[in-house]
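Shown next as structure tokens: one chain only, the form predicted on its own.
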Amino acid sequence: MAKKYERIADELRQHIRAGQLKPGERLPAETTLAKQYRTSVPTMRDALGELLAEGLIDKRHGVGNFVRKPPPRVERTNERHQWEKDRARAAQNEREQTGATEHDTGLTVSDLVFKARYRETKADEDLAAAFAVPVGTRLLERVYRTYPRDGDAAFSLVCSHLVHDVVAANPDLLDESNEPWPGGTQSQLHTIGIELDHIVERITARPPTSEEAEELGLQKGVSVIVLRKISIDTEGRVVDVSDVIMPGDRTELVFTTRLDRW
């Protein structure tokens, strides 16, 4: 049987999700809420603590409790890869107008802050198997973070690996200062004559590490979605292995499967 503070938290939670309590709205004082729900102030604080832990409200010391503005939701579909491929050979000014994050969130370039970090590394057993190369093969590791301009939680944590000697054919692809690259990875690969044939994505879920929870702004109890994306070119080579970690509370994965007609 649910405890009293859990029942109160559930009722307040429903009010927030139904829009009866709107983002940015200040909740009544704890003493006022305690009278409204015919309970003690400590029990009321326990109920509010549940909502605080879930990220539904913010507590401003000396001011009060406020309904938290929900972070932007991300809808990631498998059709995004064809959208990216169609843009890979477009003119630069067209590619600069929007990117994958804008495609997934509905935001504009001016709404976002993008960060990239490159480094040379060597293939461990996992990546060597994924690329079908010897352990120790030189790789280019690329770490990406994109944030809403008015927030400090990343949309996702992306770590991409390319075979160093392959992308070195275009020195611009080794320089992180060229990011964000208009058109993304498929456009980058196009500059060295690589066309993608298909992409394999494997998806799992798990609890976040403390570092992941901090970067993604996750509240207690929220899991992460872990996606491994493997890009294969028209010659059957694996050319990119990316690991993407997404917040489970605001990411929706949508898959549309076209079926051949009889």
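Since this is a predicted model, take the numbers as computed values, not measurements. Residues carry their position along the shown sequence, with the first being 1.
Not pictured, yet referred to below: the form predicted in complex with the DNA.
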| item | value |
| --- | --- |
| Listed residue (A213, I232, A29, I203) with a non-hydrogen atom within 4.5 angstroms of the DNA in the predicted complex | A29 |
| Candidate from R237, K35, R45, R228 lying within 4.5 Å of the DNA in the predicted complex - any heavy atom | R45 |
| Close approach of K69 to the DNA in the predicted complex, 4.5 Å, heavy atom | no |
| Touches the DNA in the predicted complex: H198 (any heavy atom, 4.5 Å) | no |
| Interface membership of S223, the DNA in the predicted complex, 4.5 Å heavy atom rule | no |
| 4.5 Å heavy atom contact, P207 and the DNA in the predicted complex | no |
| Sequence-ordered list of residues in 57 to 88 near the DNA in the predicted complex, where near means a heavy atom within 4.5 Å | K59, R60, H61, G62, V63, G64, N65 |
| Cα-Cα shift for V224 and L52, closer or farther in the predicted complex, minimum 3 Å | closer |
